[in-house]
Each structure stands twice: as C-alpha cells, then as structure tokens.
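Let's start with one chain on its own, the form predicted alone, as structure tokens.
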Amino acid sequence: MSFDFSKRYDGITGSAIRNIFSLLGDPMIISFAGGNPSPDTFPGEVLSEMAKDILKKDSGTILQYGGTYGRQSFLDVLKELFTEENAVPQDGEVISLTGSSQGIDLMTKAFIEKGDTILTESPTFLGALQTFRLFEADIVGVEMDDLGMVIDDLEKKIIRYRPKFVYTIPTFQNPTGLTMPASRKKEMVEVCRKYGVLILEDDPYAFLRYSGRAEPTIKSFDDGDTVVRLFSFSKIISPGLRVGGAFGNKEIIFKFNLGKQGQDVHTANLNQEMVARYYREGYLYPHIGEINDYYRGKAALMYETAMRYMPEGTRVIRPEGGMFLWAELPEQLNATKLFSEAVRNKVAYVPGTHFYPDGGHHNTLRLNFTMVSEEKIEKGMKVLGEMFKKQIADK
C-alpha cells in the first residue's frame, strides 16, 4: 500500500545519530557517536525511594491528569533556577516541558509559517534542525568563531532574511563545545532587540562545567521580551525522566501551553515531583559536583589524545564542559566518507556535516566522551588518528 504522507516529511530522514546507532550492533565498537549522559551518573537509588514515597503519600493526585503548565512544586523550582539579574520569572512565565527539546518544537509551532526564516549557529544541534525542517522553515546558518556566534554576521543576516527567531546553544554548544562570553551575549540581545527578533536560548549543558568560571545566561541581559530560555534536567539527573522547562514572555509561554495541550497534555506528574523533591531535599548541587568530577578526566583525556594522535593541522576545540569534543581535520580528509572505514576499525563518531544547515564541512567530526571509559577513549582515539594519518599518506 502506498501512503500519501504530508509533504513536510519530504527529505526528512531522521536524526543522523539515530541512524548511526542502527549500524553499531557490534558490542566491540567504541562509540564516540552518542550524546547520552553516562548511566553511572544516574541517581537511581535516591529516585527509587522518592518515587515510592510520593506514590504512597499522594497517588490520587500524582496518577491523575495534571495542569499543562506543570505542578506548582516543580514550577517553583523552575522559577528559582531561572532567576538571575534582570531575569526574575513571574506567574505564567514558566512552563514544564517533556524534555527541553519539546520547547524547540513549541517555539517553532508558535512562530513559524512555511518559508519563515530561523537563524542558527553553524554548526548546531541536529534535533533542532530536524524540528525546523518539519515546520518547513528556511534555516540560515550564522558564522561562528572561538567565542560562538559572530555578531556582525548575525546582524547582516537579520537585515537580509528578517528571521522570526535566532536559535542558540550558548554554553558548551552542541556540537562544538564552545561557550559564548557575557559580552557577546549582551551584544546578541542588543542586536536582536534592535530589529525585533526573538532569541531561543537552549541551555541543557550549563551545569556540566569542568573548568573556568560560569557565564551569565543570555536571558540575564534581557530586560524586555527578547529571550525565551530552555532548560533541561536530562544531563544532570536523568534523560529518561524527560523533564525540563521554559521561561519567557507570558504571551509566548501561553502559546507554549496551548501547543503542549495537543502534544502530551502535561509532563508526567510523578517525574515533575521527583525532580522537585530532588532539588528541595538538597541532592541536586552535590550530584552535579559528582557528575563533573566523573566527566572531567574523560574530557581532558579525549582532548589530550586528540592532540597526540590526530594528523598535523587538525583543529581541536578544548571543552571547558559539556559532553563533546569537536575536531576539524585537514581539508583533504573527508570524515563523512571515512565513517564506514572507522566503523570497520571498531570506532564510531558523528560526521560534522550533519550539524550544518547547508551541509558541507566534510572534514569535521563530533566526538562524545561521556559514555566511554578512559581506556576506550585512549584506544579509540589512537585508532582514529592512525586511520586519518594513513589516508593522508596514501593520497
């Protein structure tokens, strides 16, 4: 039978990373391809006891339908986490999300008609690109340097394309690991406010800092209604709980509320309450410290082995936090074509081309260090380095 699918699915093939996972059935493969937090960091025992206690004391409410905005106990936690200078959430300005990726979907649903433009970092998060394409947006990449999105190029493209909003991951960006400094965040807000363009600030990695000093959010420079900020507990408690939140102008968040009603009615009550209690009972920040201690050595080792094994002329971004290491190989190497050979050599990565709105950049790749042991990081990076060097020698 032939199905008459919506044209919005034309050209949508699914996440490149999900497709890569389907190729990695061999347990001997060292995979740097994912973007998952390590299960070793999940506070399963504490959450298990909390879930049991919550259901024992309040099952009638927890197991019933809930409000779309979220449980008040969880919304109060979101307000505290979102509060910064010039950014103090009021009632109606925060909403629970079933993972912060839902916020990307709701923002796009609220503002994008077919053919509207969204500006993104180039490269940027695969999941966001897929969502934007499903809503038939025109996606235009903005140049990046070592400090993130280049503001001069941003302004030029705002003037030229008149986008509905700018999408950015300013802290430990996926895929590059870069962090935008406060001065540039302030400039971004000023430029976008000047032209009446919204900013969607996606901030799921901010707490995963292994060195350096924490930067203020873009939202903290917003004394108006320019920025909508997304936050997630996926990287710091559990991705399986699917709990996050959004903070923005009350009218925008109300549209999120309407859009969410048709998606999932509300984020799971039990999951919201577990996260709220985890925070209220003082577990969250000590746990974040433990996670950072666990990942810090892996991040440092992946950078060190990249510098040691990768071919001369490779540019590697040293991450101060987050989950990824980004590498730009010498121009003559094609990491996209070499992916299959890497898998034959029992190592996987994500070719960088998938993160660019317009493709290209085949000499780039993203490497994840959170899901592999230090022994496998050493072994896998050596294999990749030798493979890339051999390709250069054979040319």
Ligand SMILES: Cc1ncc(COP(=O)(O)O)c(C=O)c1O
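Here the structure is a predicted model, which is why all the values come from computation and not from measurement. Quick note: we count residues from 1 along the sequence shown, nothing fancier.
Beyond what is shown, the protein has a form predicted together with this ligand; the following relates to that form.
*Identify which of 204, 163, 177, 248 has a heavy atom within 4.5 Å of this ligand in the predicted complex; exactly one of them does.*
In short, 204.
*Report the residue, out of 169, 77, 154, 218, that has at least one non-hydrogen atom within 4.5 angstroms of this ligand in the predicted complex.*
Comparing distances to this ligand in the predicted complex, the residue within 4.5 Å is 169.
*Candidate stretches 266 to 274, 111 to 119, 234 to 242, 303 to 311, one within 4.5 Å of this ligand in the predicted complex by heavy atom*: Result of the contact check: 234 to 242.
*Can you check whether residue 99 is within 4.5 Å of this ligand in the predicted complex, heavy atom basis?*
Contact check for residue 99: yes, within 4.5 Å of this ligand in the predicted complex.
*Look up in the predicted complex whether residue 125 has a non-hydrogen atom within 4.5 angstroms of this ligand, and give yes or no.*
Looking in the predicted complex, residue contacts with this ligand include residue 125, since a heavy atom lies within 4.5 Å.
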